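Just the one chain here, the form predicted on its own, laid out as structure tokens.
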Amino acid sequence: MTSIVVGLIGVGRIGAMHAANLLATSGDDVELVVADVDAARAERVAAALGCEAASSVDALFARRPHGIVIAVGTSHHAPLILRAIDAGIPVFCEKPVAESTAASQPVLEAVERTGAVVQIGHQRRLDAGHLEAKRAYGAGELGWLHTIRAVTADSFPPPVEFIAASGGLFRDCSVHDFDSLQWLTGQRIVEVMARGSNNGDPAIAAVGDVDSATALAVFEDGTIAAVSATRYNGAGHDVRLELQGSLASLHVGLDASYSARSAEPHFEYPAATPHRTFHDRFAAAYREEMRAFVRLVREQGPNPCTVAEAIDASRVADAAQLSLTTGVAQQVQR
């Protein structure tokens, strides 16, 4: 198979992970070139991985790679996606598409106008448990759903500086749940009611966010979902999805590293060390995400998450964030 050149912009924690996954999962089929605003950091990561470092983002684009992975700060997502579209290069970008849904619109318009290939990083769509839940529900094995519960719980908060620029807990964390729920059920969320609390670091409240929150989400057919998130799940990183149907129930995330213990006597669970970060919890999904992008670049597979789908999840997160602020249920604006 002919090798392809993939450029990766941003070699921070998640960018370095994507770079390592590209090389580990693609072997000799991918020639990787990395770039970063800190050229010395790009050189260090490239040396550690055994790949090439470009001297700048401009130099990387000048290489005319077959695909580009964007793993930089949110404010740079849209400009870099648009630059890749203008250059006719397929692109993978971490979520969100832009710092707001309004700022995402030029990207969506460019994709619709040009037919550009843009994959957005909602990695749960590549997670084995979520894929099995989608299959089981789609096959009718659960019957109709009467209740859905989704949890995203970080074991510790990120720096307050990150939280201040994140757009809020629902936009940063729960947007993954909103995306996976709409993807799994094939239905849109039309209304949300949200509440939150601050019992951890007062600095989180000082920058206008909450450290824990729950949204009641209503789907088109009236099905309800409780979507919860927190920054302070000291037991470990916990991402779960419970689908309760008229025929059967299914839980995603109840593996040996589930970050809770049973209160029932003579029943010990879980058996393994809890996950500490989302990198641990979704390590396999992140590897599949890069495999999927390489296939997409080669025109050999579908797009796991389009710009339109990612923006739709962001609209739900916007409504949840607004409900949290106003205390009033919000319709999802589309």
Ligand SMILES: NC(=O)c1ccc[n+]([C@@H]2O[C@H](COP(=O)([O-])OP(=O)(O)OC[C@H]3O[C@@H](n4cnc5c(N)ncnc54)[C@H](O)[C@@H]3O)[C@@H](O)[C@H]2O)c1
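Just so it is clear, the structure is predicted and the values come from calculations on it, not from any experiment. Each residue number is its position in the shown sequence, starting from 1.
This protein has a second form, the form predicted in complex with the ligand, left out of what is shown; the following refers to that one.
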task = May I ask whether K134, E242 and G253 all come within 4.5 angstroms of the ligand in the predicted complex, judged by heavy atoms?
result = no
request  = Although the ligand is absent from this view, report whether D211 comes within 4.5 Å of it in the predicted complex, heavy atoms only.
outcome  = no
Touches the ligand in the predicted complex: P157 (any heavy atom, 4.5 Å) = no
request  = Classify F278 as contacting or not contacting the ligand in the predicted complex by the rule of any non-hydrogen atom within 4.5 angstroms, answering yes or no.
outcome  = yes
ask   = Is V37 close to the ligand in the predicted complex, meaning a heavy atom pair under 4.5 Å apart or at it?
value = yes
task = Look at the stretches 219-227, 115-123, 243-251, 258-266 and give the one with heavy atoms within 4.5 Å of the ligand in the predicted complex.
result = 115-123
query = Though the ligand is not shown, can you say which of L22, A313, V11, A319 has a heavy atom within 4.5 Å of it in the predicted complex?
reply = V11
Contact residue in the predicted complex, chosen from A71, I148, L142, L82 - any heavy atom within 4.5 Å of the ligand = A71
